[in-house]
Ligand SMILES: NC(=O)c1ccc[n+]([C@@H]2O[C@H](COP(=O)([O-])OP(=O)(O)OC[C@H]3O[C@@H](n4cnc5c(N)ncnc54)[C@H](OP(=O)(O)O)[C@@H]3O)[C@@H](O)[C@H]2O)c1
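Starting off, we have a lone chain in the form predicted alone, written out as structure tokens.
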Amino acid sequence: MTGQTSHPVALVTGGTTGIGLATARQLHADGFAVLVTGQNRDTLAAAERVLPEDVVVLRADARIPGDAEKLAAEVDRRFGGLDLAFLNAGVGRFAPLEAVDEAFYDEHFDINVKGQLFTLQRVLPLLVPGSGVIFSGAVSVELGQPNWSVYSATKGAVASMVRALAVELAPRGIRVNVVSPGPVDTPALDKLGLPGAALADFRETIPVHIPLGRIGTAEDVARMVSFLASPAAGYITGTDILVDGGLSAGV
């Protein structure tokens, strides 16, 4: 718990839609003071309307290290420290190998890997002993999926980074984990780059392959993040936790 508030403080990047938004709500309900970031002005405005009024909503682009610097300064000014950093900002689109160009590759790695690393670097001095860092991963690290190579590579990089960081930051009392969702019905599905009919087919057929028989929800993932942020997870670090309804096990 930080010095400027009686509540533990959580940062949620990419917190204006989908999993990030649901996690901000869950953490707030669990007693955290919450600050969320996003870079789209429309979703920032929408998040301000639907989140509790004491949740701080800030514009920050994960691709820009200078934005991470400003974000860290704002967290320090408002709260003086952090108990949780949920590094959730990300992008993911389907593309066959022939369609991948440098811009596509750079966008994915700049947001999903570079952005996460440098955001953590900037907020690291604010993380108090006993705090947690949670990265957003993906079940695609465990499963081969056509047209998903670049996105999967970014999440594989994150999973490897988490194991190294967990060992590096353990002496400071900071735990580092990754939560890897399976298919989750959020607005991100509409940004995969699939035609409308293909997206509808995906939503209809994917539950057949999931042992629990349904596509995931943002709240399923939010509850896992909340658990990892709690004292109940105080001996868990360096772990990739799948929230996929048994998809990877069933395959």
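Numbers follow the displayed sequence, beginning with 1. Predicted model only: the values in this text are computed from it and were never measured.
Heads up, the form predicted together with the named molecule isn't pictured, but that's what we're talking about next.
**Q** Which pick from P187, G31, P52, G213 sits with a heavy atom within 4.5 Å of the named molecule in the model of the complex?
**A** Selected residue: P187.
**Q** Which among 121-129, 72-80, 88-96, 160-168 is in contact with the named molecule in the model of the complex, heavy atoms within 4.5 angstroms?
**A** Among the candidates, contact is made by 88-96.
**Q** Taking the named molecule as it sits in the model of the complex, is A62 in contact with it (heavy atom to heavy atom, 4.5 Å or less)?
**A** Yes.
**Q** May I ask you to check whether V133 falls inside a 4.5 Å heavy atom distance of the named molecule in the model of the complex?
**A** Residue-level check for V133: no, no contact with the named molecule.
**Q** Report whether the minimum heavy atom distance between T17 and the named molecule in the model of the complex is within 4.5 Å.
**A** The answer is yes: T17 has a heavy atom within 4.5 Å of the named molecule.
**Q** I'd like to know if Q39 sits close to the named molecule in the model of the complex, meaning any non-hydrogen atom pair within 4.5 angstroms.
**A** Yes.
**Q** Using the arrangement in the model of the complex, list in sequence order the residues of 128-152 with any heavy atom within 4.5 angstroms of the named molecule.
**A** Stretch hits, in order: S136, G137, A138, Y151.
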